[in-house]
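For reference, the chain that follows is the form predicted alone, supplied as structure tokens.
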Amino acid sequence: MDFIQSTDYSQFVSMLPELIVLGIFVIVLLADLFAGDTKKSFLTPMTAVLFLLGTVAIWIVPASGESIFGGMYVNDTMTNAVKAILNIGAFIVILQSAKWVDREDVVIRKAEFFELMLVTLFGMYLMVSARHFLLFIIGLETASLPLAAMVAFEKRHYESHEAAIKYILTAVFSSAILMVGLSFVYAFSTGSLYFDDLARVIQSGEMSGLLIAAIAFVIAGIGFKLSLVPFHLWTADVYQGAPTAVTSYLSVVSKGAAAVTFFVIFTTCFGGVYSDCWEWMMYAVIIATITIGNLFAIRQKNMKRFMAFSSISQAGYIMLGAMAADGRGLASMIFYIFVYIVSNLGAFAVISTIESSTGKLSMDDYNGLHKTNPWLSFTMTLAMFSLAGIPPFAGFFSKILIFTSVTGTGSMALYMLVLIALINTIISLYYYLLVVKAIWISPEEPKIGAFRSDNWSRLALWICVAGIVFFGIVPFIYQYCVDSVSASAGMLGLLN
């Protein structure tokens, strides 16, 4: 009751990123309703420009640093940085999807695609800023349910329907598991769902079976969203069946938001039992995720399934940052997500361009691609090199930084974890180079003829190439991540 009486609705002004996304959503919705042109060709450039302006506004407008709505939501430098990075990924997806949404069977629902994307992004914003489990659940479901509609967007395709059913069933089960875990959290914290309250209870109490079960269930629930092994079985089928634009969005933006949220929840709430409990749980999950993702990627010929298992493996590397459980680990994780976005979307931009022009998705179809499409071949090669961590591309520096953040803790167990991750990097190098081999070394005649990609796709490709080449060698990107985390260290409590 005290919270209701003290609520000041001017606090909504502090939610600038959320207000920007909702504003763009309303504009797109009104344009869709009242525009006379059936094709609505202006919707894509309008959405892209508005999104770009909104991203710049989030980036340059300083965060208020306030904790509002009774401490349920925080608006600080770190959360703003993460939201701006997620926006960059969503902006590139909008560019990639421009040709697809203008297709004859999709164009009538073009605005719906953008609207669903904006709603999911709004939910991810709430997840990142949440400091109360109720707000976190609201954000999680707001992000998850529209994604099911996006996966089923090509309603005339059986594979899209199948992927949507698998995704929604997985989302339902993972949410149920997560809610069971949160019920244990509620019981353990004697009736509070605030992150800070739970941290104080844990620090003042003793380890109990109820707490261990709660942490295990929460890891499982969020693990489904991140495609961590053994909660990954839905990923390949959903990635293959969903439209390629949706697959690329799922692989980077959704994963990035879930990873940062995982870090905040586990260091803020459960940091007091890090070494006693969830550190050892995460060892097993991370090792299994990186290893199984790599081994299954080797077997794939469909490029979307190949990228699905690649993204599973990359999720394991991202979660290494959580094992540091300090500010350096979070900064390295955010930088890794930034680099992963441009690298993965660079690969998906090539896959999407080839699919929309030729309908081909098999790795064997890429044999001799450099003879007919040298620019696409060059971009895909850079993306594969960056994802594999080959210097001097951005992926190499992101892996180095996340490894050093973990080993900086001085724990022998973490040294062994990094060693296993390094060995897996060699395995990943092998299967990423399979794509490069098909493009540049295969003696077969090209199966994909020469074609010119559309202007939107070329712009997306240029942005990804620039990110892959320059993010690693331009130090201010990582320094920006470090500064953002340092400025928010007080609100995160347990960060060093």
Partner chain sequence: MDLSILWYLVPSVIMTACGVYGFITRKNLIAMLVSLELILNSADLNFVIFNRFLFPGSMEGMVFTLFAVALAAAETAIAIAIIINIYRSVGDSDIHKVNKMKF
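Residue numbers count along the first chain shown, from 1. Since the structure is predicted, the reported quantities are computational estimates derived from the model, not experimental observations.
Missing here is the form predicted in complex with the partner chain; even so, the following discussion is about that form.
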Any of the heavy atoms of residue 241 lying within 4.5 Å of the partner chain in the predicted bound form? yes
Is it the case that residue 159, even though its partner is missing from this view, gets within 4.5 Å of the partner chain in the predicted bound form, heavy atoms only?
yes
Heavy atoms within 4.5 Å of the partner chain in the predicted bound form: does residue 340 have any? no
Might residue 132 be said to contact the partner chain in the predicted bound form, defining contact as any heavy atom within 4.5 Å? yes
Which of 143 to 151, 285 to 293, 332 to 340, 315 to 323 lies within 4.5 Å of the partner chain in the predicted bound form, heavy atoms considered? The stretch 143 to 151
Worksheet item: Each of 11, 26 and 57 near the partner chain in the predicted bound form, meaning some heavy atom within 4.5 Å?
Response: no
Only hit among 166, 360, 200, 99 for heavy atom within 4.5 Å of the partner chain in the predicted bound form is 166
Answer key: of 220, 138, 106, 213, within 4.5 Å of the partner chain in the predicted bound form (heavy atoms) is 138
Applying a 4.5 angstroms cut-off on non-hydrogen atoms, the residues of 316 to 344 near the partner chain in the predicted bound form are none
